[in-house]
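In what follows, one protein chain appears twice in different forms, each by itself as structure tokens: structure 1 and structure 2.
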Structure 1
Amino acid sequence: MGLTKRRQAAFTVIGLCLLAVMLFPVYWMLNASLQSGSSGAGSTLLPLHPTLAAYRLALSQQGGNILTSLVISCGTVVLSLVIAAPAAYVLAKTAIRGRSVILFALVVTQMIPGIVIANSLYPVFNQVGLLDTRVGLVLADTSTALPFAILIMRAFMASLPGEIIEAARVDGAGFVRTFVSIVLPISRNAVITAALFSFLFSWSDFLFALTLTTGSSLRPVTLGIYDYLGDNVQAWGPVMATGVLSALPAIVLLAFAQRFIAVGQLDGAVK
């Protein structure tokens, strides 16, 4: 018993050390953002004289870029869920021909490098006028988020007991009503999980934003941070402050969604 406790204590210490190592870059970003005017190498370990000057500068220069990223990410989430939810239901609960091929194709799309997709989309978007547009970036980001959203929701919907769907149909519900009124509410956690990852895919996108924008009229926050990084960066405060501000939406969403990703999705569904 004593040995078991010592092992648990040792594992806890090792886990905390690993966690500290992983979180140190985040701490250093926050620390440097509070030392306005400091260089990266000149930052002290603690912000002895903290100031929010870097945040004021970052908001004045990057506020519009952060708003652009929010619009693009929310658009990606909406478009991904509108397409992925019914597609996942069909792939999970109907015996359509070629289902295994479709699922295999969805998995394969996750392995295609992003630069290949970006280079493929560029001439198409150029012809149809979607370069330098929010709609174009939403479509591009959706091409990455959609397969993952379908796969994650399909995996959950496939595990739904068939009795629930049969009971709805016995009560007179059609295919669409069964999906909207029964399947979607039960699949809430899977839908939220897919929405969360779709948002994160789009929010952190740099490759599509760099490839599919040619001017300065449309700048997501990832490109805004990139613009700071010249050959001789003197003040890292605004860079780090922008990094902290750009991380906040993801942190808030993760804190909100983690309880929906927990187990127990089917509690009360089967009586």
Structure 2
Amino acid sequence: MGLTKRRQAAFTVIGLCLLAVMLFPVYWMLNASLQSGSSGAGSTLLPLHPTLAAYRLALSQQGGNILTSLVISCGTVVLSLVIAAPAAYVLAKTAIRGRSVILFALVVTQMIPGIVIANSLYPVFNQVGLLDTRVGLVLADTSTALPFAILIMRAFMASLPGEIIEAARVDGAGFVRTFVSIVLPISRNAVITAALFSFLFSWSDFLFALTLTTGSSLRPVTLGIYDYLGDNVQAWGPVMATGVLSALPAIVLLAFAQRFIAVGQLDGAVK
């Protein structure tokens, strides 16, 4: 839409103001994490004397939790992809009976409140010894990631031209081989997108971490932050530093994966 130079400048200024308001909390987190970390009231608007003391403290207190989160998130990504990719292919490219029922169920599962799942998983996990375990959290987190991963990969695979698959079959490749050496490589972008979101879901999971752990033996970083908030916070520095650290994987991954992600693909996951 054509705008005059002057109106363009006005739009840029308004946009910057808008952004400043929206991003203020993010800035405040970063700002506070770089200050001495003593008391909250003493923070200034700018980190004039930046120090990494808060990060040192955060890493010593939450380093293990961050590692725990990494392990759980990677586990969730692997489990989700291994289960979701073949299912997505079948749901995209074969005329299997009951396909629409399965797809319908996948959409509905995304709308079940997590507290329902947590409430009923707790007694079961307690019984089979999965409380306070990484495996338990991976299994629970996969319940958030899996339906999304299947739907997003299916949407992409459904758009693949059938001739590619037929050509492979004519050349003698079996069902499995077609999937592994043709469909998967072509669907790389969709697979990466699904992996990224599985990671993000699991990394930021709070509810399962809160409900499916009992002691202090296993703490993902989201729970570490929540623990900070539990007792009246005295020093916000380490809390904010942990917040920044907890945002880093998402930002790094997204920056890395951006060229693979077509936002248009996301449509497939909500329809």
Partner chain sequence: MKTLDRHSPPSGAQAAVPGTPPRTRGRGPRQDRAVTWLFLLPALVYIALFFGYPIVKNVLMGSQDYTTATFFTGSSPWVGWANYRTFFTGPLAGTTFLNTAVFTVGSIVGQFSIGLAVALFFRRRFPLSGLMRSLLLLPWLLPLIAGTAVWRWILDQDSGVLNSVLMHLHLVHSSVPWLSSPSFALYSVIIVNVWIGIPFNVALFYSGLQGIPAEQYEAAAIDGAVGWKAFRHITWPALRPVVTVVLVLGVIYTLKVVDIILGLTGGGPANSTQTLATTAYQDSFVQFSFGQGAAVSNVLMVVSLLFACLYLRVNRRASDE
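All residue numbers here refer to structure 1's sequence, counted from 1. Think of the rigid core as the biggest set of C-alphas that the two forms share within 1.5 Å after superposition. None of these values were measured; they are calculated from a predicted model.
Peer 1: Tell me which of the two, 1 or 2, is the form predicted together with its partner chain.
Peer 2: Comparing the pair, one sees that structure 2 is the form predicted together with its partner chain and the remaining one is not.
Peer 1: Fitting the rigid core first, would the Cα of L18 be found 2 Å or more away between the two structures?
Peer 2: Yes; L18 is a residue whose C-alpha shifts (by 2 Å or more) between the two structures when the cores are overlaid.
Peer 1: After core superposition, I'd like to know whether L254 moves between the two structures (criterion: C-alpha shift of 2 angstroms or more).
Peer 2: Shift at L254: below 2 Å after core fit.
Peer 1: So, with the core fitted, how far does A9 move at its Cα between the two structures, in angstrom?
Peer 2: Its C-alpha shift, to one decimal, is 5.1 Å.
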